[in-house]
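The chain below stands alone and is given as structure tokens, in the form predicted alone.
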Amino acid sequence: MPQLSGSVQTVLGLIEPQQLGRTMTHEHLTMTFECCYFPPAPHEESMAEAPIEMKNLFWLKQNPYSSHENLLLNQEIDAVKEELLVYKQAGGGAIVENTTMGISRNVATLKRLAQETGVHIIAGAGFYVDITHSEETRKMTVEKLSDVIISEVLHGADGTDIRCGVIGEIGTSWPITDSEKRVLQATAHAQAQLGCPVIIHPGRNSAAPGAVVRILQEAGGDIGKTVMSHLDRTILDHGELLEFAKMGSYLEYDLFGTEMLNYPFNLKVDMPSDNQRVKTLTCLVAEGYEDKIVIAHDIHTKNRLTKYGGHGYSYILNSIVPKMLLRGITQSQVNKILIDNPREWLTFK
């Protein structure tokens, strides 16, 4: 699209790519995650309805999806605003907000946050995982789904004229469902027309990222303009990771700050520590993938906010970057990961 080519589309309009600065490529500022509520253990059932208090913060860190209140990030707009101001002060420039249809996207709120904080916010178009698809969505053809996505980028989302600047996070389960496959195909068709960035939430299986890429490729998608999210909980074997990296997508490590003993959605996964994440980044850089790495926190529950004792949106800038430098990643390579790679990805062709 000529009017978008060479620009980045934020909720406040088009900007020059150089204006982005340091960018977190996968965050949420207002959303609900009730679709993924996971009941607590039988002896802890009362915790599901318990308020968030100092005495249960560690329990929440280990069981973030077992508290109903914790899943309502959209109740914390004031706290998120304060965090964005801190993020900007820490050197942050932009945030890609990955909330799509089905998990309470609210682009009007995103616009207000951008206006009040000065942080560039890029909103996401499209659909999340199958469990959040409406009956209307399930009945749509690939062509209709593509039309919806394109309209959210060209005309506006949520009944507004506020336009999305990225498709995604497009959600997939494992195995990929028929409805999710149609959404992926529609995503590829829309991307081919728009020349826009795409970001994917893969299912929780090491084969999922590759399966998604193949569907996108067959439908005409641009894998070099696509981010594969959540690799830190998806591909844990180094050899498998390098094989996937050859497929050409951006490699996103976006769960910095998330450390738990048991990952409820796939108990076979031992959630890595932040030190292990940094080690993986170091290995990817050594293998020549510094141009394909992006990072973030994927904040999507209340307990990740500093208001509730969490790390907040500035954690990578304040704590992870110094650790990356300590482990041999150069400042130039850090700048690629935080500035150059997001800029290249987010710029419309």
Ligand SMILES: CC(=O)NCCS(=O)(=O)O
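Note that residue numbering follows the sequence shown and begins at 1. This is a predicted model, so every value here is computed, not measured.
The next section is about a form of this same protein that is not shown, the form predicted in complex with the named molecule.
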Is Glu97 a contact residue for the named molecule in the predicted bound form, using a 4.5 Å heavy atom cut-off? no
Contact flag, Leu255 vs the named molecule in the predicted bound form, heavy atom cut 4.5 Å: yes
Does any heavy atom of His300 come within 4.5 Å of a heavy atom of the named molecule in the predicted bound form? yes
At 4.5 Å between heavy atoms, is Phe33 in contact with the named molecule in the predicted bound form? yes
Give me the residue from His201, Lys225, Arg182, Arg277 that has a heavy atom within 4.5 Å of the named molecule in the predicted bound form. His201
Could you check which residue among Arg163, His230, His120, His133 gets a heavy atom within 4.5 Å of the named molecule in the predicted bound form? His230
Segment that reaches the named molecule in the predicted bound form - one of 201-209, 80-88, 240-248, 138-146, heavy atoms within 4.5 Å: 201-209
So which residues in 58-96, when you check the named molecule in the predicted bound form, have a heavy atom no farther than 4.5 Å from it? Tyr65
